[in-house]
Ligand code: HEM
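Before any questions on binding or motion, here is one chain by itself as structure tokens, the form predicted alone.
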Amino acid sequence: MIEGLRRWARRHTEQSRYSPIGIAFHWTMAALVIFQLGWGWYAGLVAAGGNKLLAYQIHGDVGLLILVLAVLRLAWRTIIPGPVNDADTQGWQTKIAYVTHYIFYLCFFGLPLSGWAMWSALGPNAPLAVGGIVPWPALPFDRLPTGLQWAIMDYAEDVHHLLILLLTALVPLHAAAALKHHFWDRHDVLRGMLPEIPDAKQPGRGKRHAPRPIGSPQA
């Protein structure tokens, strides 16, 4: 089965494109991350009470969905490697891209896990659910001394806030780098992560563009 998936994915990666499943993972998680950043900011502004707890519960449900998708996406990337594209030969830029990729995964895992710890340390709350559908248990922090629960809460909150700042900086930088590769360098990075648009001259293959030679002016 795995080998069959790899053969299917190679039909896309050989054209410097991600597989449709890889593309779906990327854009679904991108939309959820942007929602979470906005909704988390909104939840922090809501007055204390039932509405605030509900806002944070929604935030937690979506965060758990991101955690599950991150696990599935990492498993998919382990089985199905991404394509080699024009930007993979850019030296230090390629190294920065790989580091950014790892930091994104750190945020994808660290934010939901720290949020889960915070929710569990608060004491009895409404139960969480992945995407608001699949029930998700709280961590057994209710059995710990109250002082230790508050210490866990403070530590998890610090980690959560640090990763939020990191993710808030990474998202626009990642988007700017993708646009720079597409419009300035004329690399195929962004094209490979978008749904394929057939070329009029080659209906079975998306349009390609040649990378801009290093040192040449932008066309």
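The first residue of the shown sequence is 1; numbering continues from there. Small disclaimer: the values here were computed from a predicted structure and weren't measured.
Separately, the form predicted in complex with this ligand exists; it is not shown, and the next lines address it.
According to a 4.5 angstroms non-hydrogen atom cut-off, is residue 186 in contact with this ligand in the model of the complex?
Result no; residue 186 lies far from this ligand in the model of the complex.
Can you tell me whether residue 143 touches this ligand? I mean in the model of the complex, with a 4.5 angstroms heavy atom cut-off.
Contact check for residue 143: no, nothing within 4.5 Å of this ligand in the model of the complex.
How about residue 178: is it within 4.5 Å of this ligand in the model of the complex, going by heavy atoms?
Contact check for residue 178: yes, within 4.5 Å of this ligand in the model of the complex.
Even though the partner isn't displayed, in the model of the complex is residue 34 close enough to this ligand, meaning a heavy atom within 4.5 Å?
The answer is yes: residue 34 has a heavy atom within 4.5 Å of this ligand.
Residue by residue through 163 to 178, tell me which have a non-hydrogen atom within 4.5 angstroms of this ligand in the model of the complex.
Contacting residues: 164, 167, 171, 174, 175, 178.
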